[in-house]
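Take a look at this single chain, the form predicted alone, given in structure tokens.
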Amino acid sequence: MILVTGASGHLAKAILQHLTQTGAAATGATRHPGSSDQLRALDFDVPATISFEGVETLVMVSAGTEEDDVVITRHNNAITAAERDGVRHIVYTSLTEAGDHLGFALAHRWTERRLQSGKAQWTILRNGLYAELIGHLLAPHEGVISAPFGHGGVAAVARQDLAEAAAIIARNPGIHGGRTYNLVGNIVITGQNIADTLGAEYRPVKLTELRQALDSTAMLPFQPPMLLSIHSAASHGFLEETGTDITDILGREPLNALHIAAAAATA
């Protein structure tokens, strides 16, 4: 049995869809499964609710956007329970190698170390930033894209490609044991790319202006620095490295990340 955590989220839902479409014995788990009899109830904040009995392969989707100490505790609870219950292989959706400058990298890197020193076999998927996310960040307002992306860009990747890659590995985890894959895109998306595609003007502002705008929203205190770190890293060229791991796993070229980002920017 394959179990995918975070089944209420977009990535986990897509992973489950790929698994079930290929006939894999798979189910999902989430904190609030509602009336669904297809999902398990599982809360990483409450260790007593975590049971992986009967699970051979665990696809552990990162446990949400929170402060580092909360995410790390959640991940440790899950991995400890998986080891206790005899899970053979854990596939973890981590963060691109280029992401160490991002404000949410630490919990991912801690989790990687925890897996590498643990009892279960593991595969780490260092996922690139979603093309959909980059599109949202670069959405035009009245024909102008003002996000502080500077002249840099992001080797973004479609969420569906990341989901398919995770499903492929989960179906046959043995050949991927002890491997870390850097699943970034094969093109770099810039603010100017999106502007040209949408017929908009690209006029980036300074990071300070974005910070001031975010400070006036109802976001949680740790969220604005996370978003600012994406803009800062992108604008200074830290997220531009492309790769071929996603192509090798999928057996095809990845979806066109620019088209997906542009569509998300106008959604």
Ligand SMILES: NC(=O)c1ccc[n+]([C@@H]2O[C@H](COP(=O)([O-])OP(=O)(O)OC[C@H]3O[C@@H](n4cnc5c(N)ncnc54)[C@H](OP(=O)(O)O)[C@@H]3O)[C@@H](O)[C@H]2O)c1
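On a predicted model such as this, the values are computed, not experimentally measured, just so you know. Position 1 is the first residue in the sequence shown; the rest follow in order.
This next part talks about the form predicted together with this ligand, which is not shown.
- Contact here is defined as any heavy atom lying within 4.5 Å of this ligand in the predicted complex, and by that definition each of G9, R31 and G64 is a contact residue.
- With this ligand left out of view, the stretch that reaches within 4.5 Å of it through heavy atoms in the predicted complex is, among 110-118, 128-136, 169-177, 143-151, 128-136.
- The closest heavy atom approach of R159 to this ligand in the predicted complex falls within 4.5 Å.
- The closest heavy atom approach of R74 to this ligand in the predicted complex falls within 4.5 Å.
- With a 4.5 Å cutoff on heavy atoms, D45 counts as touching this ligand in the predicted complex.
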